[in-house]
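The structure tokens that follow cover one protein chain in two forms, given apart as structure 1 and structure 2.
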Structure 1
């Protein structure tokens, strides 16, 4: 099964209506992605940390998820200051590090981490099946949603089939090398995986039809917007106004 370490809990964030959380996550992520003001981005970082502690998520799990992005960000810090033209602030031989490149790297670092924290606290605090039903509430095409949910359900099954095929070729003495035999073996392996996936899909389809499936999944979770959901959405709305104020008015006030 695909791990969902943040889906279960009894925090305030877990009890918020999933539709409200998805809307808030999209709004917050959008304004942060479009921002280029360190003051407003700093306020978003504070909010993301407040939501993180309110959701009572495991800090170690959160950091382990963020590390995946940090590797990409490290590459940006190595190349952007060297490739973005601007004011040179440091030299190493013929290499010149520009101020504009460093500023852009810092912006990308902050924004990517803040957006991930928003999604960890607001979207990852519901299971994937619930998220699928939330998408249907926003008129996302049903076929796309069902394909997404079935892919989530069976992706690890296909991975098990792949591991079985890989063990089978290894027990026959296969050792990967950079030669034609290795490439042909992996091509046969992938082809057989597609064949098994097709056979599995036919069996699953027949099983669903035998159980009366008529092209629709029914949600056992009842969505109900309560008073606390309105309060939470109101809080996020006030923050959005405050963020826009910081984004567009802070420099003007500071100049005055």
Structure 2
């Protein structure tokens, strides 16, 4: 059901400390999301491509993951130029394409792709368990991390239960259509999934209590920050300052 295509690898990016990567991913995506200046966003595009090449991710996989967003962006390109009022730059019959609409579509396209690229290179290059441990290093409530890890652990188990129920209805000749019977079947199936999950939860929590669980997961994986990580973090910090400089000082020149 779930694969982590970027999690394994031996590139420079894969070897950087996961905590550093997550911090950098959060900072970089935040500044790009808040920016609306083409110059600074252009520089972020360059950085995201540099990171992508140094992470040596499978290009086909990257494109197939980006396509999910492209579908939505195509809709924006179709609607925004027509619906946002502004200076008309082109018209076919009564359809008027506004400059503001086109600019906004281009901005959104760039921003969403860049943020996703940062995500692929900096967050997807670790497996989920490591990601959970990284979160436990920050000041995130331990209850939330406990829930996150437990949910992750049981998704696969519950998915197996779901597949089993689905096989059971299929062997009884169920074929999905647009009718009440189909919706009823799915609703009962989902209901049964909840019942099974709840029964399992009771067993799991009893078993955990028997083994002396105190409501905290202990991280067995030791993170250590090396010189390489400091260099990487230093590089990203310098870039962040450069980005803010571009954002505020270059806007005027660009629009002329």
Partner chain sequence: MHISEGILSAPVLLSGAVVSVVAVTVGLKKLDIDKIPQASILSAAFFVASLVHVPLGPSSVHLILNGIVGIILGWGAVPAIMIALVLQGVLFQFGGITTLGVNTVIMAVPAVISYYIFKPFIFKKNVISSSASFACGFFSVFLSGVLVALFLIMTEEGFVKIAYGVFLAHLPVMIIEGFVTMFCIGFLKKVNPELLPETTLCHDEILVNDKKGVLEGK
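We call the rigid core whatever largest set of C-alpha positions still superposes within 1.5 Å between the two forms. Model, not experiment: these values are computed from the prediction. Residue numbers count along the first chain shown, from 1.
Between the two isolated copies of the chain, the first is the form predicted on its own. Residue displacement note: residue 79 has its CA displaced by under 2 Å between structures 1 and 2 (rigid core superposed). The Cα shift for residue 196 between structures 1 and 2, taken after rigid core superposition, is 2 angstroms or larger.
After superposing the rigid core, the Cα of residue 209 is displaced by 2 Å or more between structures 1 and 2. On core superposition, residue 161 has its C-alpha offset by 3.0 angstrom between structures 1 and 2.
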